[in-house]
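As a starting point, one isolated chain is supplied in structure tokens, in the form predicted alone.
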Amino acid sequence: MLEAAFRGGKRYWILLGVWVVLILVGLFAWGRQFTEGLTVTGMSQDVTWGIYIAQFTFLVGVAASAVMVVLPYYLHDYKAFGRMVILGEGLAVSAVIMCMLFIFVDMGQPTRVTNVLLHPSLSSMMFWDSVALGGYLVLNLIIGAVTFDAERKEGPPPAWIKPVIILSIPWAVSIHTVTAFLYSGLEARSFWMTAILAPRFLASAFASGPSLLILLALILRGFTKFDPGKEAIQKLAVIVTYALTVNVFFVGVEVFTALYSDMPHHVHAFQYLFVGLHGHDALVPWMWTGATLTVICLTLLLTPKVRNNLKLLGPICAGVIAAIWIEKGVGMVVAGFVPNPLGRVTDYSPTGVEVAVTVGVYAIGFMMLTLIYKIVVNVRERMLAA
């Protein structure tokens, strides 16, 4: 079965070649960061988290979204998701690995990562986050391998895997909940210190993750003989619509609370994001782009005729991913540091080194995803031929 990853046409090998080149670029940039330190990044004493943690936050949501196909298929016997489940499991595995890599590069020195495991503290959210992510990775690897092997042999999966699948459902919710607690537990950062942050993270996860899964399914549908199913794709689009609606509501609640209370430490972060603060407006164009994309995509998704058109659904899902990547990524991270506890505003913009490392990490994740999907497609195509 694994040998299928080493067989493919010209386009497949070109794609793998692109990932390898981007990985090498990322490794070169990380090598410079490793030798010179985090001074080569745009982070500072005031803004200690940047693009790395922004990607980590976004990708945790992508990983958690696998539950949106696992839960209907295994708990509610929704057969239309039968071909989509393994795609969700593969996406979850690659997303979790990228999450871990972004934490690794953000630490600066690799030895600092081992401190979390060698000197665990039950009061540390980072410890619980590492446990949640590591456990979720193991669960998805086991579930994906066992269920797909059973499908390849055209037989039912073993009975013992069902409890593991059920366990993975609350575990998926936990990984993004703990990630939200990493933010909301910092009392000096009023922008993050809100009880609604965890539900907001989950709502955005269940919009962006399934959107990416829809895009991947459409790509497989267009370039291979494997069809995840039109019904499954359209049902995922409905899930994206509901989740995006809830996410917009949560963001609106946050904005109302901040503006109506008119408490400076709540208002300043939103001012910085959408109108600028004390002449600092680097993120304003980004945030308005994200907000515009959100409104347009949600309007289109709420129109059934548009949502069910697979030719239009791809660009819409890409817009949803971009909008949430902006709002939940750098916008969420940087605004928490602005202004600092002393009222000073420090702008942040990623350096070329950070961008290159980020691209390299994404290339690792998508190369893994490419190999996983190649195996899945190869097995499915052979089953159809038989």
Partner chain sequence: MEKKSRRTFLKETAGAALGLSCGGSILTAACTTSGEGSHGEGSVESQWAMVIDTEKARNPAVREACMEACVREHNVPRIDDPAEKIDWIWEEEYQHVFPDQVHDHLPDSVKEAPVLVLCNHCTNPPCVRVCPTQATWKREEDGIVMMDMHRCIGCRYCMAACPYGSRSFNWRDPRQFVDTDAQGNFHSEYPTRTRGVVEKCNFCAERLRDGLAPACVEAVNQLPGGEGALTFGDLSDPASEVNRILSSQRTITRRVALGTGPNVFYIV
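Please read all numbers here as calculations on a predicted model, not as lab measurements. Numbering follows the first chain given and starts at 1.
The next section is about a form of this same protein that is not shown, the form predicted in complex with its partner chain.
Although its partner chain is omitted here, in the predicted complex all of L182, E187 and P341 have a heavy atom within 4.5 Å of it.
The contact residue chosen from M126, I166, I219, V284 relative to its partner chain in the predicted complex is M126, the criterion being a non-hydrogen atom within 4.5 angstroms.
Although the partner is absent here, A356 is not a contact residue: none of its heavy atoms lies within 4.5 angstroms of its partner chain in the predicted complex. With a 4.5 Å cutoff on heavy atoms, W192 counts as touching its partner chain in the predicted complex. At the 4.5 Å threshold, heavy atoms of M107 reach its partner chain in the predicted complex.
Contact between W30 and its partner chain in the predicted complex is not found at the 4.5 Å heavy atom cutoff. Of the candidate stretches 61 to 69, 356 to 364, 48 to 56, 316 to 324, only 48 to 56 has residues whose heavy atoms lie within 4.5 Å of its partner chain in the predicted complex.
In the predicted complex, its partner chain lies within 4.5 angstroms of at least one heavy atom of each of the following residues of 112 to 144: R112, N115, V116, H119, P120, S121, L122, S123, S124, M125, M126, F127, W128, in sequence order.
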